[in-house]
Ligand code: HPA
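This document opens with one chain alone, in structure tokens, the form predicted alone.
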Amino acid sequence: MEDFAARLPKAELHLHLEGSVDAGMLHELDPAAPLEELRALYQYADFNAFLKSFGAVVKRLERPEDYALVTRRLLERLAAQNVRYVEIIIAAGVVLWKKQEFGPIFDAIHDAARGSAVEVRWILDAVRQFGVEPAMEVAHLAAARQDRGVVAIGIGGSEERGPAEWFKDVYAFAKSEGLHLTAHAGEGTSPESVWEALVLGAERIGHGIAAVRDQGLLRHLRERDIPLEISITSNLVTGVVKSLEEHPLRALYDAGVPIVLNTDDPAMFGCTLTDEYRLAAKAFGFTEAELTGIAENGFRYGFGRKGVT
């Protein structure tokens, strides 16, 4: 299975650029920062602590060149895992929160991806708890960059402090501009959060594991062919799932819900996409045929490569 998972052509649809930055890379960007201090940023007891750490990491990305380096390193790692296609989430909402100019940062990221062996598309993410106005600004930034590979907008952050219903006008605008729609929902909350994201028009759900508690929602996802972007290790490290035995991956799959495996924030959670496939086999009994189907889903549900494998 280890060799199979490594050889398998893969796609990843839920991967935060900033979450691919490890302590060593931060130290490379700022050699004066003590390495032990940087490593401490990667310790969190729960989901809210993780959000704070994520913010602390992103704050240390100060220049367009920093973002370019991060992008190149990420794509090198993906290519080494036989990842053929990726949709990378950029925390545009956090860039605005830092009062940085988004244009030069995106230019650096976009240019850094040129020539990569991995086919790349971009998703711009707003932060739920920051409110509607910054999210609308993110949507405008995304709409203006569709000719450069931006395919969608999303909302991340705290589901409790930023309910999906706030963003109905943002999503309506994005859809009218031809953007695809996704949303983090049902990660550490309830099935209702997933329903709310679907009302917005979300075509894919980031995480969505709470759906396992609502049979009607499972049926809706199955019948409407709406995939869940599952990240096993992420759910464990953030504590939204208490143990591997409690993770609903197998139950969601067996209910017929389309599944895509992802890493979410690989450096912050200490995982790779290849290892997520191995974990699915070892812990949940997925066969090579089943994992091949899940890998194909990564291409099938990609906003930039519908139906292309």
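Remember, predicted model here, so these are calculated numbers, not experimental data. In this text, residue numbers run from 1 along the sequence as written.
The form predicted in complex with the named molecule exists for this protein as well; it is not shown, and the discussion that follows is about that form.
Chemist: So if I measure heavy atom distances to the named molecule in the model of the complex, which of the stretches 253-261, 43-51, 277-285, 65-73 falls within 4.5 Å?
Modeler: Of the options given, it is 43-51.
Chemist: Give me the residue from Gly162, Gly156, Pro227, Pro191 that has a heavy atom within 4.5 Å of the named molecule in the model of the complex.
Modeler: By the 4.5 Å heavy-atom cutoff, the listed residue in contact is Gly156.
Chemist: How about His16: is it within 4.5 Å of the named molecule in the model of the complex, going by heavy atoms?
Modeler: Looking in the model of the complex, residue contacts with the named molecule include His16, since a heavy atom lies within 4.5 Å.
Chemist: Does Glu196 reach the named molecule in the model of the complex, with heavy atoms at most 4.5 Å apart?
Modeler: Looking in the model of the complex, residue contacts with the named molecule do not include Glu196, since no heavy atom lies within 4.5 Å.
Chemist: Residue by residue through 198-215, which ones have a non-hydrogen atom no more than 4.5 angstroms from the named molecule in the model of the complex?
Modeler: The stretch touches the partner through His207 alone.
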